[in-house]
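Take a look at this single chain, the form predicted on its own, given in structure tokens.
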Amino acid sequence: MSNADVSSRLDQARRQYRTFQSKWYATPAILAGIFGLLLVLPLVLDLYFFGFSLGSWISVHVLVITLVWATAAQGWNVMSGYTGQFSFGHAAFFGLGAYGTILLLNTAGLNPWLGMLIGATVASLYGLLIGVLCFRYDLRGHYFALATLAFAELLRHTFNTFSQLGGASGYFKPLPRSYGAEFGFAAFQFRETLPYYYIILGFLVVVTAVSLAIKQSRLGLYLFAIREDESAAAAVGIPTFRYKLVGIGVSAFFTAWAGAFWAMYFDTIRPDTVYELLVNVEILLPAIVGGVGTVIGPIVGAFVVIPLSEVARQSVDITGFDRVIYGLLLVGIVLYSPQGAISWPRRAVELLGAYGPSKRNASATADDDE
């Protein structure tokens, strides 16, 4: 194939990519492809392709953890990505979802699915309380981030202190893995990891669908207007206080979902595991790495960050090495790719346009003319 043919095909591919990106169905189509891939991913982990299997690098357990943080990041994104109110305390909602589900199961024998909804509702109300207090006094930027962190720390110390809330030892899940007939979907308990994978994948589909619906609605238009210029948005009549409250309420609700799943997936929860500072980082980092304010970004970012840190933690015998990975990724993305990983295909297309064969041919022709 000649250079002219390669140039022509690259130009055609660039035009098709740009045309596809401009269509309304681009994001839903990409999401459908991503979720289709995730649907079959655990089933092909042990298959060998060219002598290599994905299962030798990543397990179903790591996939479950990845989807948990993708779900939480998708919830965080509705608040911080859409409205620009950067929260550093979403561990509060994550922990309330986890504790709400387990507390109701332990103390009242309530089905965990109902407990999850109640826990998420409580988290949403807590989010509204934070919103009323912060937005009433017009806290923005790093002041708002510090305030949300303070509310999360308040919950961590509260749950750590009061024995009625489990204290520092937390709660053990009342249904052990050796449980008998009550295993199954209704009990939210399975002997294998695979059913948990499909449940958290279903959670992620729901959260993503809601996030996409918000972004493409008038509500999303108002939220993004607040992010771009809150004063201008208020000047044209958008009730910014009300819509920021809607953002934090929805965000808290879905972040709590991820926490509820966490409580049912692991055998125990403690204040230091669901409210600690690193949980805040793990919630927001996938969205930042993938692309803040986008629907696809938190999912892509989770699959960039979590498997890498999990593999680093399991393969390198250095305490906190995964946190070093987090730090390096955060610094690298902020410095070199602030629009996140989802901008990499577009940048690759632009790079092809700038340094591809057609440009080289054009440069060579210009040199010959000289």
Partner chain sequence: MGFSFDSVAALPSIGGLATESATVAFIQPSTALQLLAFAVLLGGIYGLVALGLTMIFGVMDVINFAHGAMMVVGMYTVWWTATAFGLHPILSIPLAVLGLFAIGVLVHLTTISSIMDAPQENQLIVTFGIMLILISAIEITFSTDPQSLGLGLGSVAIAGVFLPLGQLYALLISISAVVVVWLFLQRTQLGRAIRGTADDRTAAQYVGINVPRIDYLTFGIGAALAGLAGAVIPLFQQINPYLGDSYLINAFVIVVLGGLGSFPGALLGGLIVGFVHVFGQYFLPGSGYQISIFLIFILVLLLKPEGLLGGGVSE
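Numbering follows the first chain given and starts at 1. For clarity, every value in this text was computed on a predicted model and none was experimentally measured.
Below, we refer to the form predicted together with the partner chain, which is not included among the displayed structures.
With a cut-off of 4.5 Å between heavy atoms, is Ile102 one of the residues that contacts the partner chain in the predicted bound form?
Although the partner chain is absent here, Ile102 would stay clear of it in the predicted bound form, with no heavy atoms inside 4.5 Å.
Close approach of His142 to the partner chain in the predicted bound form, 4.5 Å, heavy atom
Yes, contact at 4.5 Å.
Is Phe185 part of the interface with the partner chain in the predicted bound form - any heavy atom within 4.5 Å?
Output for Phe185 is no: heavy atoms all beyond 4.5 Å of the partner chain.
Indicate whether the partner chain has at least one heavy atom within 4.5 Å of a heavy atom of His157 in the predicted bound form.
Heavy-atom contact with the partner chain at 4.5 Å: present for His157.
Note which of Ala32, Val331, Val40, Leu47 lies within 4.5 Å of the partner chain in the predicted bound form, where distance is taken over heavy atoms; exactly one does.
Contact residue from the list: Val331.
Answer option from Val62, Val324, Ala312, Ala26, heavy atom within 4.5 Å of the partner chain in the predicted bound form:
So the residue touching the partner chain in the predicted bound form, by this definition, is Val324.
With the partner chain left out here, work out from 190-198, 218-226, 272-280, 106-114 which stretch has heavy atoms within 4.5 Å of it in the predicted bound form.
Result for this chain: 272-280.
Within 4.5 Å of the partner chain in the predicted bound form: residues from 84-120 (heavy atom criterion):
Heavy-atom contacts to the partner chain in the predicted bound form: Phe86, Phe88.
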